[in-house]
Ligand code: HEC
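Just one chain follows, in the form predicted alone, and it is written as structure tokens.
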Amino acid sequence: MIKKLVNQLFLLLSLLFTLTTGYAQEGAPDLDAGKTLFRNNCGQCHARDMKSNLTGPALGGVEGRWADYPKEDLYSWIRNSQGMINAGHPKAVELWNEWKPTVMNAFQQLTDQEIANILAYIDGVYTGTYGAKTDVAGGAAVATEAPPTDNTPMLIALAFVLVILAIALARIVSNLNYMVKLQNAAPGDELPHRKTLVEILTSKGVIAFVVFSLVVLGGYTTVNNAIMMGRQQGYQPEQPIKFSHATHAGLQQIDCQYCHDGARRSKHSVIPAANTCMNCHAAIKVGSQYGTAEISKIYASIGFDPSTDTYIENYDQLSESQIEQIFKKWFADSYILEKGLLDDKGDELIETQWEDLKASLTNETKSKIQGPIEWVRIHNLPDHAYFNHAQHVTVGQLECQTCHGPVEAMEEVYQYSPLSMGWCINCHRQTEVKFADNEYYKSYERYHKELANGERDKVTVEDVGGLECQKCHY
């Protein structure tokens, strides 16, 4: 009884806090700000299309589902759902019964205006009035490139034609020289020698020209190969886990920065650790494409027993045979649950999945199954080139697809862009800087005045020093 009174008192205080922090002070919702807030808070568990259930329910129409209650109730639910559940709020209890044991995070730090921004963004995406796909990313045209054309056959054919023309020209010149000598010869003089084709091709002039051509060709090849060193457009290595970006980023619409959360705050986008995967896969244990095979590799790397939904104590000290027993049991139970009986086909499947799991998580330098998943790096800039993800994602407000292409459609990720110096420079020359409401560019007062006066219609990255050598090579 006392506990219930305390919870109700807590709920009352929460509602009073909501009222006193000012619905009256709310301004017009900012959907762009709501998008950022959604990604950094709600997007961890809720689908971005606002229509699909994920770890949490689809958020489209959420305000309508709370229409029977005061607006502050919804705000209080967002800030502290467990407090409302404990206090016995009817809607809160209804949601808990539907989604338990999944616990919604508390967002006490969100102001009323920020919550309003989030809700407006959710409604805009749900109704289709916000977020329609365009051909631009972050205000700049997506830098797509046509597939590289192989001109080698054409160049070989052109070289062959030039060689034939050179030989024919040399032959013509030799014949003209012979005719001149013949006309200038006095009566009784010895007739001039007419050079054969072999003599023409082995003359000093031809040999000098061939040597010069080989030096030019060798120099070009050396410089071109040096420029291309480390560049691997189209590189698509096989990864230890068959992770489908098309399923996660495309079908489920998980935001890129949920997994690669370093992109908005640091130089590196970071490779997500297994605990990030576990935020969803503690509940989602069977994949839509590969069943238990691939997700179990995550469990085996981090030490999670999917049969008991618990993390294994002293997992790093277990032998391979002990780990084998745990996961073969999981494979068998899953097969029986699906087929009803473990047969010869099931035995073969269990053995195959176990061998694949072991091969994916061990190698010449990693003998134990336990430990981090060793993903194969795809994008790798040279050491002398500095690139900062936060500068582009947070300051420049570029979408990931600008450089990485349509990742949401890739089953297996590959390097989409050349990531060459020329490619970066062209992007800096063409990309318009988003000056409006961007705190990072307040110091460029002259550009702001010129934009306001109509003296210029845009500011590019080049204008703010994007082509200075020391920006990337310091």
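Owing to the predicted nature of the structure, the values given are computational and were not obtained by experimental measurement. Whichever C-alpha set is largest while still superposing within 1.5 Å between the two forms counts as the rigid core. Position 1 is the first residue in the sequence shown; the rest follow in order.
Below: the form predicted together with this ligand, not depicted.
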> in the model of the complex, does Ala300 have a heavy atom within 4.5 Å of this ligand?
Replying inline: no
> Do Ser203 and this ligand share at least one heavy atom pair within 4.5 Å in the model of the complex?
Replying inline: no
> Contact between Glu408 and this ligand in the model of the complex at 4.5 Å, heavy atoms?
Replying inline: yes
>> in the model of the complex, does Tyr178 come within 4.5 Å of this ligand, counting heavy atoms only?
In response: no
>> To test your reading of this chain, name the stretch in 310 to 318, 341 to 349, 169 to 177, 387 to 395 whose heavy atoms come within 4.5 Å of this ligand in the model of the complex.
In response: 387 to 395
> All three of Leu31, Met50 and Lys328 touching this ligand in the model of the complex at 4.5 Å, heavy atom to heavy atom?
Replying inline: no
>> Which residue, Lys71, Arg265, Arg194, Lys242, is the contact with this ligand in the model of the complex, using a 4.5 Å heavy atom cutoff?
In response: Lys242
>> Under a 4.5 angstroms heavy atom criterion, identify the one residue in Val125, Ala87, Ile323, Cys403 near this ligand in the model of the complex.
In response: Cys403
> Which residues, if any, of 450 to 474 lie within 4.5 Å of this ligand in the model of the complex when only heavy atoms count?
Replying inline: Val461, Val464, Gly465, Gly466, Leu467, Glu468, Cys469, Lys471, Cys472, His473
> With both forms fit on the core, has Tyr121 moved 2 Å or more by CA between this form and the one not shown?
Replying inline: yes
> So with the core overlaid, does the Cα of Ile298 end up 2 Å or more away between this form and the one not shown?
Replying inline: no
> Would the C-alpha of Pro382 be classed as shifted by 2 Å or more between this form and the one not shown after rigid-core alignment?
Replying inline: no
> How does the C-alpha distance between Gln252 and Ser81 change in the model of the complex compared with the present structure, closer or farther, given a change of 3 angstroms or more?
Replying inline: farther
>> Flagged pair Ile302/Val103: C-alpha distance shifts by 3 angstroms or more in the model of the complex. Which direction, closer or farther?
In response: farther
